[in-house]
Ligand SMILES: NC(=O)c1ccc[n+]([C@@H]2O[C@H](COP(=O)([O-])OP(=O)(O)OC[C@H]3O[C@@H](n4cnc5c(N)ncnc54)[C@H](O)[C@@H]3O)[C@@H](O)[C@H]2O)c1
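First, one chain by itself in structure tokens, the form predicted on its own.
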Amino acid sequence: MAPDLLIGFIVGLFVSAGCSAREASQIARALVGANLYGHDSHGVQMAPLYVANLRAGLAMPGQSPRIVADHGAIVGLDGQRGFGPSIGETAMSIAIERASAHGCCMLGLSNTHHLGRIGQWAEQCAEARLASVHFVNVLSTPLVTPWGGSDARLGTNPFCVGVPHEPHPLILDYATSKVALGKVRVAQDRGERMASGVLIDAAGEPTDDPAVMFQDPIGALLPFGEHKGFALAVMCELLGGALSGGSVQHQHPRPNPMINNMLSLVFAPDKLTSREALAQQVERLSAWLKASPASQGSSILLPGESERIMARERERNGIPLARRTREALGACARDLGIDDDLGPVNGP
């Protein structure tokens, strides 16, 4: 499906649901951008859930981040349950402004409805020629087991780093679970099984059935890298949750299924080295790594390169939508009283 057509459709959904045209465009471009980069887990399949949360009062349209602490280079913001694509863009604009003035900024952002693909915020910083590190926690039903445990106690807690470079920045962005929950949902929508070693069921037994994450009692995702991924998830919980001004996971009622807290460290590389020297070092490292003889059937890609390759392909050939995703978008449109004009399904 053509990206522009998909953006227009998603804009229509959120305008009809009560968002301004600008906010609807921010949401649509963030979701379709995730699809373009191949992260369908954070793409338009989220739109019906966002709309449902808006209508249930769990996501608030038209919000701006409220400054709750201001110490110049250190800023605390409350997202007021506003939509992540809008709140995140404003928050990063503040961080960029402060880092440009002071050389660095530490920004805590709490109480925001799903920030989406965290790499988008590192890219926004990199476009301003700033490096950044982002720690995120997820306050929702726990999804990830602690290493050595047998039930879910943590969120998927993304970790992200961005380094400015041309023609595109280097972006590391991943969940601290073996996969994000959205990728499990994509597998379920496509009728596929998960790889082994990713999921356990509610009894703590290994399984490849994605349905265990969407039933009661719920199963759990495993942390990536065993104890190492678990330890990083804990640090994301503490830095992204507690130090952002938000909260960490604990036993309590969870009325909102999609709240993120994030701690972002944004800084100007040229306060430590020149921009020219940084570019030379990136190129030197890239050349050294890519000179390694690639194993059969693979290629060596730096963080962020695979997304650019996927974006070029999907810009040419369109974004595939799983049948269940396409049906859910159509149902959402009809429920909002607007035309379902996306056309036929072009995915499994």
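Computed from a prediction, not measured in an experiment: that's the story for all the values here. In this text, residue numbers run from 1 along the sequence as written.
The form predicted in complex with this ligand exists for this protein as well; it is not shown, and the discussion that follows is about that form.
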(message) Within 4.5 Å, heavy atoms only: does residue 267 come near this ligand in the model of the complex?
(response) no
(message) Residue-level question: is residue 314 within 4.5 Å of this ligand in the model of the complex, judged on heavy atoms?
(response) no
(message) Within 4.5 Å, heavy atoms only: does residue 173 come near this ligand in the model of the complex?
(response) yes
(request) Give a yes or no for residue 134: in the model of the complex, does one of its heavy atoms lie within 4.5 Å of a heavy atom belonging to this ligand? (result) no
(request) Work out which of the listed stretches, 165-173, 240-248, 269-277, 210-218, brings a heavy atom within 4.5 angstroms of this ligand in the model of the complex. (result) 165-173
(request) Using heavy atoms only and a 4.5 Å cut-off, determine which of 309, 302, 58, 49 is in contact with this ligand in the model of the complex. (result) 302
(request) Go through 125, 144, 233, 138 and name the one with a heavy atom inside 4.5 Å of this ligand in the model of the complex. (result) 138
(message) Where, within 12-43, is there a heavy atom within 4.5 Å of this ligand in the model of the complex? Residue list please.
(response) 39, 42
